[in-house]
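Before any questions on how it binds or moves, here is one chain, the form predicted alone, in structure tokens.
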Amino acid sequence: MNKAPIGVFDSGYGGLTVLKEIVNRLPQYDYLYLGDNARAPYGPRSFDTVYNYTLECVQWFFKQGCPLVILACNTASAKALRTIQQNDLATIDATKRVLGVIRPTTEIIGTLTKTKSVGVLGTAGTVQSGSYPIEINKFYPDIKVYQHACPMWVPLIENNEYSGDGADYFVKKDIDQLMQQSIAIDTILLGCTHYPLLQQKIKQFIPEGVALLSQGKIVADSLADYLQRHPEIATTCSKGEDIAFYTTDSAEDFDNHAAVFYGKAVKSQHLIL
């Protein structure tokens, strides 16, 4: 039987924090992960560039037989997902599906905030896109969303400096700048899949009583619900509990970093797009 894995895409390593939760929640499926590390980070790039890179990777997933692709990347979800869903799928293959990580989080955030004031920490690209305020407003028009870009956080994480004292300055500065926008913020969303690695550090600097929300488990639960509601997609996804990892950069370098994000060792293959 030909495999039809669920594709999970990120510009680099961060999507592995989402994949880990998806596999924990739905271990029965086959998965295919691609990190476009050679062109990362996506955060500072233009909308057109992110869209073109993301579409190229999505088309690669489809060629591998994936009926469903998860953009486990906030920047790709913010800058490329809507265009791919609305314009490209119909011409590429109308039976395929591409989902992102922003909508699942925004659907539930209103149930978590009591003050109706939410903070979002993300990359410059995600913040500039306005995707979180737009999506949250669709579900919860009464919620005020305050955003702050954290350009140093991904480099700190990818250079393995996220747990050291050197990270404290940048984490505290960015959290302080977010909280200065409104003392009413009672829920902070980590709008980048890298940021869960900084979670313990972040908790040291957020005010007591402020909830911290990361995306992995939310996206995994949302995917499980989606597959239950769409059996026509679920039945096309193969179930062999197999996971394959690909990177557009050095496989050795990817494997060394990936274990930190995924929680255990991985063995990847180099891909030339």
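Just count from 1 along the sequence shown to find any residue number. Everything numeric in this text was worked out from a predicted model, so none of it was measured.
The same protein has a further form, the form predicted together with a small molecule, not shown here; the description that follows concerns it.
When the small molecule is considered in the predicted bound form, only one residue from F245, F61, Y42, Y53 comes within 4.5 Å through any heavy atom, namely Y42.
For V154, a non-hydrogen atom is located within 4.5 Å of the small molecule in the predicted bound form, even though that partner is not displayed.
When contacts are judged by a 4.5 Å heavy atom cut-off, K79 does not count as touching the small molecule in the predicted bound form. Taking the partner from elsewhere, S131 is found to have every heavy atom lying beyond 4.5 Å of the small molecule in the predicted bound form. When the small molecule is considered in the predicted bound form, L189 lies well away from it, no heavy atom lying within 4.5 Å. In plain terms, the part of the chain that comes close to the small molecule in the predicted bound form, with a heavy atom within 4.5 Å, is 192-200 out of 138-146, 165-173, 192-200, 82-90.
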